[in-house]
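Just the one chain here, the form predicted alone, laid out as structure tokens.
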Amino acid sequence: MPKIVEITLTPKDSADSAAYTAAAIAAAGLKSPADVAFCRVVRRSIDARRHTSGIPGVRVNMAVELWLDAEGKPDPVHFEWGDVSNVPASREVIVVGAGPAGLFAALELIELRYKPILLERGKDVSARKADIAAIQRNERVNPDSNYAFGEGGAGTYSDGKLYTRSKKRGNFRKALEILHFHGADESILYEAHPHIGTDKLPRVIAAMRETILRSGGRILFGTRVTDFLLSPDSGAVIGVETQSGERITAQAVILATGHSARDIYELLHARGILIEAKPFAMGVRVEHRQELIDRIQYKTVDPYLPAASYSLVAQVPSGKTGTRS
């Protein structure tokens, strides 16, 4: 079995594979690097708190996995999705929205031997660039292709982070491994606050699209849902109608439209389709110079430290209005 050891290093040493490997070997009580066949980081987090420690300033806490010489090394995580191009119509499922939820839903459907029909009102991740550039030049805004709509969803071109506070809503680790499999940096598998980056995420999204298409799924861009098709007998949703008048039926419909698709929620209400409400949450984006946040959080500027982050959260009691925070 591999051995996992906990070590604490300076930011510089934590970025040096030779340094953290040597520290992990020493922490494991091994005599020589020759005793280790493979070493990898499985968890890393920044500790900028002020407390007594053998390492002054900011520290990096790491969990390192060591595979001993006799054990070889672990096989890399690999995914293979089967071919669903010829499944019967009874195993087709419509997915509305090609953001993260829609893309992962499509991959999961393929894994379960269902054929996804992915509908996206916006353009593919590359074509979105021109529409976003037009917004930045204060030109016309395409209502279906912009920061909110289009392949990859809202986070693709607004520096979306990979972070969740929930540990009970499915296999979050698998989601990270799928992103890594499609081109994201390995660091997202062990960083406390994983982040792909806007410069890399479009390529990852495009690779996920190719996996879906290669497995036999369908993806229709520029296809906005304007109505739901209901069974006359049970009232169940059996398909959708698009802005072109095309009617698409399937075994089921998955809504992965995100919170910006107000028209979808209005349509659900008009058609008497019930959805479960969740507590209202509002996010506010405030931009600062990164150097300022680094100095506040780290009390220093260190090239070996990632960009510091912070969040401010205020809970407003239910039923109260006029609260300022």
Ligand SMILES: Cc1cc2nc3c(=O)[nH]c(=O)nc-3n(C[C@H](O)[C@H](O)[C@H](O)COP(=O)(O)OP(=O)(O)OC[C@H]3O[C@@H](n4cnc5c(N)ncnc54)[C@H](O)[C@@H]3O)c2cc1C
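All residue numbers refer to positions in the sequence shown, first residue = 1. Treat the numbers as computed from the prediction; the structure is a model and nothing was measured.
Unshown form predicted together with the named molecule; subsequent notes refer to it.
- Query: Does the trio 96, 99 and 261 actually contact the named molecule in the predicted bound form, every residue with a heavy atom within 4.5 Å?
  - Reply: Yes: 96, 99 and 261 each sit within 4.5 Å of the named molecule in the predicted bound form.
- Region of this chain that lies against the named molecule in the predicted bound form, out of 246 to 254, 130 to 138, 180 to 188, 113 to 121 [heavy atom, 4.5 Å]: In the other structure, the partner sits against 113 to 121.
- Task: Flag residue 153 as yes or no: does it have a non-hydrogen atom within 4.5 angstroms of any non-hydrogen atom of the named molecule in the predicted bound form?
- Result: Yes, residue 153 sits close enough to the named molecule in the predicted bound form that at least one of its heavy atoms falls within 4.5 Å.
- Looking in the predicted bound form, any heavy atom of residue 158 within 4.5 Å of the named molecule? Answer yes; at least one heavy atom of residue 158 falls within 4.5 Å of the named molecule in the predicted bound form.
- Message: When the contact criterion is heavy atoms within 4.5 Å, does residue 148 count as touching the named molecule in the predicted bound form?
- Response: Yes.
- Message: I'd like to know if residue 225 sits close to the named molecule in the predicted bound form, meaning any non-hydrogen atom pair within 4.5 angstroms.
- Response: Yes, residue 225 sits close enough to the named molecule in the predicted bound form that at least one of its heavy atoms falls within 4.5 Å.
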